[in-house]
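We begin with a single chain expressed as structure tokens, specifically the form predicted alone.
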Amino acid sequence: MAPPPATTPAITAEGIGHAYADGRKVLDRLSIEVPAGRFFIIIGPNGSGKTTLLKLMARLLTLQEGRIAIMGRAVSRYGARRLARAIAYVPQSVPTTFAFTVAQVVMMGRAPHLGMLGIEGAADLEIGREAMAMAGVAHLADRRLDRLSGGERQRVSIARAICQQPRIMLLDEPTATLDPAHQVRVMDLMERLGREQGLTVVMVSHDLNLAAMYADQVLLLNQGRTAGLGPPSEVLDCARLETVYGCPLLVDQSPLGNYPRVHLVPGRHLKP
């Protein structure tokens, strides 16, 4: 498939609606565009539809209402192999049912690019080594996944996604189990991949300050609808965040750069 024009959005979602089996709406007529090559972070309270939106983009959930296009092509028109070359998905948690080594898990990312026999060549193995080095797990290559910490497993999942060499990477709270140093390393890595390789990064996060520091665009969801969309400096304002999160917050300017900084206000709460 030829690369799309630079003006083609990486992801387009139009009129997306999704409901639980009991009929409760998770997403309600949501429409967004994710520009190609940008760092796009989705924030919002628990239950606002963040993970559901990400899974719909990855076609891990069946689209109930609306339309999603990946690089200008309806997601329904992608075969599984072609979609896996376009999109890599990093879930919130990594299953450890099977006792694979880190290297084996990372090399699973090459599956969409291999021939019928599924045998990796020297180039594939080198891509795997580079992916492990980027994610900081090269020293764990021979360790079993089920013997790693949650944070280590999450970094292995990111390495596998990098090894997949997608055009778009979808990450669901990838820094939630990481210590501050590894949080920054993961965010710096995503920013670098976007800058050097044109990777589009779509990330769900509960960390408003990481979103403020790294996002080109922020989507703030509330009850399945858009409560704000744009640069962090426009979306992360005090009145909007207090309305969405239902608690008092302080938003000021970070001394480290031209982006907002969000603080919790202890000992107070807004009425439900």
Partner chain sequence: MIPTVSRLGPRLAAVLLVLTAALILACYVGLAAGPAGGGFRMIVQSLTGHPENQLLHDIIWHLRLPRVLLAALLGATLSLGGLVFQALLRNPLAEPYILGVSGGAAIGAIIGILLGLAHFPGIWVMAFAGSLATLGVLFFVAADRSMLRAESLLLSGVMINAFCGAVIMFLISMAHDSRLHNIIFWLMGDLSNATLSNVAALAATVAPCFVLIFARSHAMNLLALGSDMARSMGVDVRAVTVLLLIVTSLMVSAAVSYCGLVGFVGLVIPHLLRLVLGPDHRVLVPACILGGASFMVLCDVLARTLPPQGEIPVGVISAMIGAPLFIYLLRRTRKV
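Positions refer to the first chain, counted from 1. Predicted, not measured: the structure shown is a model, and the values here were computed from it.
The same protein also exists as the form predicted in complex with its partner chain; that form is not shown, yet it is the one meant from here on.
Q. Is every one of I87, T101 and A141 within 4.5 Å of its partner chain in the model of the complex, counting heavy atoms?
A. Checking in the model of the complex: I87, T101 and A141 are all within 4.5 Å of its partner chain.
Q.
Just to be sure I understand the contacts: of G72, P112, G151, G136, which is the one whose heavy atoms reach within 4.5 angstroms of its partner chain in the model of the complex?
A. None of the others qualify; the residue that does is P112.
Q: State the residue from M187, L171, V94, I168 whose non-hydrogen atoms include one within 4.5 Å of its partner chain in the model of the complex.
A: It is V94.
Q | R29, heavy atom within 4.5 angstroms of its partner chain in the model of the complex | A | Contact with its partner chain, no.
Q.
So, R59 and its partner chain: in the model of the complex, are they within 4.5 Å at any heavy atom pair?
A. Because a heavy atom of R59 falls inside 4.5 Å of its partner chain in the model of the complex, the answer is yes.
Q: Answer with yes or no whether H182 is in contact with its partner chain in the model of the complex, where contact means some heavy atom within 4.5 Å.
A: Contact with its partner chain, no.
**Q.** Interface membership of K55, its partner chain in the model of the complex, 4.5 Å heavy atom rule
**A.** Taking the distances in the model of the complex, the answer for K55 is yes, it comes within 4.5 Å of its partner chain.
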